[in-house]
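Presented as structure tokens, the chain that follows is alone, the form predicted on its own.
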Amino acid sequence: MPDLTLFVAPNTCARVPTIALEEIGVPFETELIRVKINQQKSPEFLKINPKGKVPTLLIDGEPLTENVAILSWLAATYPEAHLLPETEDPLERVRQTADLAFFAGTVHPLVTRVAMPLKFIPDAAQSFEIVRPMGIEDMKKVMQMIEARLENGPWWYGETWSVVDGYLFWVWGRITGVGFPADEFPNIRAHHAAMQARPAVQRAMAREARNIETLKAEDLYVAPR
């Protein structure tokens, strides 16, 4: 069994592989990165991940970066956890990768515009009055597509839960936490509630809550705004 350490920060997409690891049920450690003091850009962390980002998964001391890669490796290494639907069809396997890439490459950048507009315009008034509203409008179009997909079942793949649902869980919590209009998307709201009821999600959120308390005690917590 490999030795696993996941570098995380609260409210980031590191929540997704944390959920995946909790679903698998193997022992793993989380290493908290303190974003407020730019620990992700420290020489020590850049030796592990030169991109300076979380999540980063250490597998027997070897780093793996990018959620699509991390989640794909976990799904392939622990097939008994059913992180992705089983298939012998090469095209279907690639479609699953495309679903992960959709969240990582299409939806995630919109999350940044909605939840972290100051990354685009440092001026607070402009970022919250221009960038966020535009991001919300673009996000609505994506959420309408996801809302329609969830008509086919409670999960992304109908009746079958997958780690793609973990990605949607993070996205929805992140954007609604800063004012995205949730009432327009009842299927996604129901999906989020179903995710919150999963024991693995509860364990992942408990880990994150402990990290938040650590950061608050150190006066290093950056709350969503």
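For every residue, the number given is its place in the sequence shown, counted from 1. The shown structure was predicted, so the numbers you read here are calculated from the model rather than taken from an experiment.
Not on display, but discussed next: the form predicted in complex with a small molecule.
Colleague: Counting any heavy atom within 4.5 Å as contact, can you tell me which stretch out of 177-185, 190-198, 61-69, 153-161 lines the small molecule in the model of the complex?
Modeller: So the stretch in question is 61-69.
Colleague: Does the small molecule come within 4.5 Å of any heavy atom of residue 211 in the model of the complex?
Modeller: No, residue 211 stays farther than 4.5 Å from the small molecule in the model of the complex.
Colleague: Check residue 36 for me: does it contact the small molecule in the model of the complex (non-hydrogen atoms, 4.5 angstroms)?
Modeller: No, residue 36 sits far enough from the small molecule in the model of the complex that none of its heavy atoms falls within 4.5 Å.
Colleague: Quick one: is residue 13 in contact with the small molecule in the model of the complex, heavy atoms, 4.5 Å cut-off?
Modeller: Within the cut-off, so yes.
Colleague: Using the partner position in the model of the complex, report whether residue 171 sits within 4.5 Å of the small molecule, counting heavy atoms only.
Modeller: So residue 171 does not count as contacting the small molecule.
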